[in-house]
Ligand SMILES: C[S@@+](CC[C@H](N)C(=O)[O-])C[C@H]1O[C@@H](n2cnc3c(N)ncnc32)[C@H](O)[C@@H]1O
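As C-alpha cells, one chain now follows by itself in the form predicted alone.
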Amino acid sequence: MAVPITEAPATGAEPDPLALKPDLERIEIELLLEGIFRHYGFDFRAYAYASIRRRLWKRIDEEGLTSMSALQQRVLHEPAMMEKLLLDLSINVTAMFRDPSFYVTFREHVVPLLRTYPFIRIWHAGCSTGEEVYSMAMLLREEGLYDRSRIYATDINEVVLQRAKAGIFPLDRMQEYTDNYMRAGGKRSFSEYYTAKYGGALFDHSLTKNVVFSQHNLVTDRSFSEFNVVLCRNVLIYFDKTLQSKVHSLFYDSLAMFGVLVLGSKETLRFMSHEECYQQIAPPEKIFRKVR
C-alpha cells in the first residue's frame, strides 16, 4: 500500500524534512514530473496529484531512498529506474470479465448495434496486461463477430503490452475469472480458452489474431483511426479534470458517428465539453452512444 500523506516512508531512515512541508514537496514532485516529460516523453504532469504522490513514495520506499530529489536523480540518469517508475505510475489493476454486469449489458445493447457493421473497429485504450482485451475477444467470438473485428489494444507501458501479447495469466486467478465469465453471460466452458503451460494459464492465441497491441500515450498522442467502439475503463479517474477533458476530446474525435464509448463505473461525461454529444445506452452502466 502507498504511504499515507502524514507518514514518512517505512525505510528505517530519518524522515525527509520536505515530507513535512507540503509546498516544497509539491515543487519537488512537479520538477520530477517535468524532468520525466522532457527527458523521456512520458507526461504525468496532469495526473491526479494524490495518486501520483502515493506512487512516487512507494518507489522511494522500495529503493531505500529518502526524498523526491533523490528519486529524480536516479530516474533522470538511470533508464532502468524509469522503467520501474513507469510500472508504478501506469495503472495496471485489471481482471478478466471485470464487472460482469458490464459485459451482460454490452451483449444485450451494444452487440446488436455492432451486427449492423460490415467491419468493426474497437479501441481498448489503457489495456494494461490485456485481461479485458481477451475478455472482449471471447465475447465477440461467442457472438459471431470476431472474424470481422479488429481490436486495437494500447497502453503507455511497453512492459505490460508484452505481457498482454504473451497471453499467460496466473493459474491461481482462473477460478475468479471463471466465475466472472459465467456471471458475464459466457456461453462456453471458460477452461476451453486456456491450457496450463509455462507455469500459468496460456490463452488460445487465436483470440489475438485480430488484435493489434501498440504503445500509445493518451496524454500526448493523437487519434490514429476511426472506431465503432472506444473502451477506456478505470483510467480517467487518475487524471485531473483538465486532462480528462483533453482525453474525452480525443475519444470524441476517434469515434464514428453512432459509435460507442465505454467508461468505468466511477467515471463520467458530466461537465465535459462533449457531454451533450452522447446518449447513455443502458444506465447504470457507463456506455454511451455518439449522436452528434
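Numbering starts at 1 and follows the sequence shown. For clarity, every value in this text was computed on a predicted model and none was experimentally measured.
Here the subject shifts to the form predicted together with the ligand, a form of this protein not shown in this document.
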* To do: May I ask you to state whether I29 is within 4.5 Å of the ligand in the predicted bound form, using heavy atom distances?
  => no
* Even though the ligand is not shown here, does G167 get within 4.5 Å of it in the predicted bound form, heavy atoms only? -> no
* Asked: Using heavy atoms and a 4.5 Å limit, would one call N180 a contact residue for the ligand in the predicted bound form?
  -> no
* Partner proximity in the predicted bound form: T66 to the ligand, non-hydrogen atom cutoff 4.5 Å -> no
* Any chance all of S149, F227 and S254 sit within 4.5 Å of the ligand in the predicted bound form, going by non-hydrogen atoms? -> no
* **Per-stretch contact check against the ligand in the predicted bound form, the hit in 66-74, 231-239, 30-38, 49-57 (non-hydrogen atom, 4.5 angstroms)** => 231-239
* Asked: Which listed residue (Q175, S191, N217, Q162) meets the criterion of a heavy atom within 4.5 Å of the ligand in the predicted bound form?
  -> N217
* Structure fact -> Partner-free chain; cross-checking the ligand in the predicted bound form, the single residue of L140, I156, I122, L207 with a heavy atom within 4.5 Å is I156
* Asked: Taking the ligand in the predicted bound form, which residues of 182-211 have any heavy atom within 4.5 Å of it?
  -> none
